[in-house]
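First, one chain by itself: the form predicted on its own, in structure tokens.
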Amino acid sequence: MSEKVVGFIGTGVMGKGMIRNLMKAGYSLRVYNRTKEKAEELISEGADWRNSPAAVAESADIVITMVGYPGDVESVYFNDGILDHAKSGTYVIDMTTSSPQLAEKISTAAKKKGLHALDAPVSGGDIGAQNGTLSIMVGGEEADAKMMLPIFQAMGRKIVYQGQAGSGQHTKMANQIAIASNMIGVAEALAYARYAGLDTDKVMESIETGAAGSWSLSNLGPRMLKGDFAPGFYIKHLIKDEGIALDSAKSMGLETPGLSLSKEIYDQLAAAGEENSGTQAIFKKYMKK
């Protein structure tokens, strides 16, 4: 499948690593980003710039989107975007964490135009994007998911087909709900260790391999302790995800108090100017000394 041309819209923290792994796998890349400067490194490495989502769609066999918010997703797919300019038979894959309902809308519109749509959000952060070890959750037609498996394998290690359109996004919401409460626990545990005067490296050695172990503890815990709050995943994007998850849970009659508390904390951090920090900046809430 490496002779296929891949269009990729969104060259931010996540998209950049994903694009590089697709190029390593032998795919020709056509890229677009609202801010071209963020794509310059990729262009110098061999990616071909296009001036709009429509231009990407016209020139690619497979179009992947990895943008910020559901509104951004809707904008690049509709409004004289991907769906109006992709040629019949093109595969369009939204890997943004977005609304399950929007994924269903895109799928319905894509079918009417002879396109194959998948929603395939990811987990694994900037590290997973760079290393090609993302977990990819796929919704849409199963035959389409199987056809795109080589594309997903270039970017991820765990690829699971979840079901009909929107199922990938619903799965990602479950993922974000788990992360939301876990990040509170990680930050509180490490703050406790520091307040108790413990050697935090030794504490990490003990707890990350036991029952308390988690991806967030192992990968973001060390960043917390070093005071490294650079974004692998922005607080503003987690707040967006939490809002989608809360709305979806409410529509199903499900109470999610842990998720609600996490969003409250992250909203406070964003209001304090931390919206562009990494999610590990939740540690700042606890460190008063």
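Residue positions are given as counts along the sequence shown, with the first one as 1. Since this is a predicted model, take the numbers as computed values, not measurements.
Here the subject shifts to the form predicted in complex with a further copy of the same chain, a form of this protein not shown in this document.
Considering a further copy of the same chain in the predicted bound form, the lone stretch of 210-218, 75-83, 147-155, 108-116 in range is 210-218 [heavy atom distance within 4.5 Å].
When contacts are defined as a non-hydrogen atom within 4.5 Å, none of Ile43, Ile127 and Gln130 contacts a further copy of the same chain in the predicted bound form. At a distance threshold of 4.5 angstroms between non-hydrogen atoms, Gly243 is out of contact with a further copy of the same chain in the predicted bound form. At the 4.5 Å threshold, heavy atoms of Lys87 stay clear of a further copy of the same chain in the predicted bound form, well away from it. Taking the partner from the other structure, a further copy of the same chain in the predicted bound form has a heavy atom within 4.5 Å of a heavy atom of Ser248. a further copy of the same chain is not drawn, but in the predicted bound form it has no heavy atom within 4.5 Å of Ala143. Along 96-120, one residue reaches a heavy atom to within 4.5 Å of a further copy of the same chain in the predicted bound form: Pro100.
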